[in-house]
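Read the single chain below, which is given as structure tokens and is the form predicted on its own.
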Amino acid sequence: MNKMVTITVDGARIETPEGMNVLEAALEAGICIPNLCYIPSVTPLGACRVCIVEVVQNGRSKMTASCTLEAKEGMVIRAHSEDIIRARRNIVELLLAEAPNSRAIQDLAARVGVTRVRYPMRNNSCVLCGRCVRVCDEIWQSKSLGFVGRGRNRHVALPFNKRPEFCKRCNACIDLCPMTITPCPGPMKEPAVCGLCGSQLSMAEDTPDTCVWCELGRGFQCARWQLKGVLNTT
């Protein structure tokens, strides 16, 4: 049986198994930490950085991705400090500029309060979250997908751009890709978010750190919705 430890997230004391990542511990306690690339039961990558938090130790704090941060006894976490909110909004703004027609990223923008984008729109179809690569490798053990190239040339591809014979055609890579959800009716042609999903957050206006089981993130299966599925089947 795993040793239980107590951590503090935004002032709330949470008891969780030692070694569980802080993102899951917070979500299970009902504290909303927005996330994109994380998939429960798959090795965390920390690629999108949306789930960043502050770790406070000896009067100093540092920012890190909560999905790769293991819970330890006495750990103090700030998930919604002013610095974190500012940094998280900037990260989501950059993601939205990269893929403005992604429903998943539009939902994230609504959740963190991003309404306009200051960066050039690229309209790419991939933000390198790595969800498809990791589920293909670790869940289906197919290794049909992988990252290719570096820097601006980095992308996800099949070996030699051909579907290998060992691909299981499970479509898990498609199901978990945040780019494959049907986008909002209005395409993002201007540097702004349409705001059609803003009403989902009406219950969270006074408690922005609380998970209210909003529909934002359900389509691309954010970690909170995936944990609900796991909990409902155990």
Partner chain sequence: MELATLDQILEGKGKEPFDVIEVLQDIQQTYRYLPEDALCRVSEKLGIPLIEVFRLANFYKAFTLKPRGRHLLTVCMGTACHVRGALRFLDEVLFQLAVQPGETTEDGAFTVETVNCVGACALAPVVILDGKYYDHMTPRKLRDLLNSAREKDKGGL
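Positions refer to the first chain, counted from 1. Remember, predicted model here, so these are calculated numbers, not experimental data.
We do not show the form predicted in complex with its partner chain, though everything after this point is about it.
Can you check whether residue 157 is within 4.5 Å of its partner chain in the predicted bound form, heavy atom basis? Yes, residue 157 sits close enough to its partner chain in the predicted bound form that at least one of its heavy atoms falls within 4.5 Å.
Consider residue 127 of the chain shown here, and say whether it contacts its partner chain in the predicted bound form, taking contact as heavy atoms within 4.5 Å. Close contact is absent here: in the predicted bound form, residue 127 is far from its partner chain, nothing within 4.5 Å, heavy atoms only.
Evaluate residue 147 for contact with its partner chain in the predicted bound form, applying a 4.5 angstroms cut-off between non-hydrogen atoms, and reply yes or no. Heavy-atom contact with its partner chain at 4.5 Å: present for residue 147.
So, in the predicted bound form, is residue 162 in contact with its partner chain at a 4.5 angstroms heavy atom limit? So residue 162 counts as contacting its partner chain.
So which of 89, 143, 80, 72 gets a non-hydrogen atom within 4.5 Å of its partner chain in the predicted bound form? Looking at 89, 143, 80, 72 one by one, just 143 meets the 4.5 Å heavy-atom criterion.
Which one of these stretches, 26 to 34, 162 to 170, 40 to 48, 54 to 62, sits within 4.5 Å of its partner chain in the predicted bound form when only heavy atoms are counted? Going by heavy atoms within 4.5 Å, the stretch is 162 to 170.
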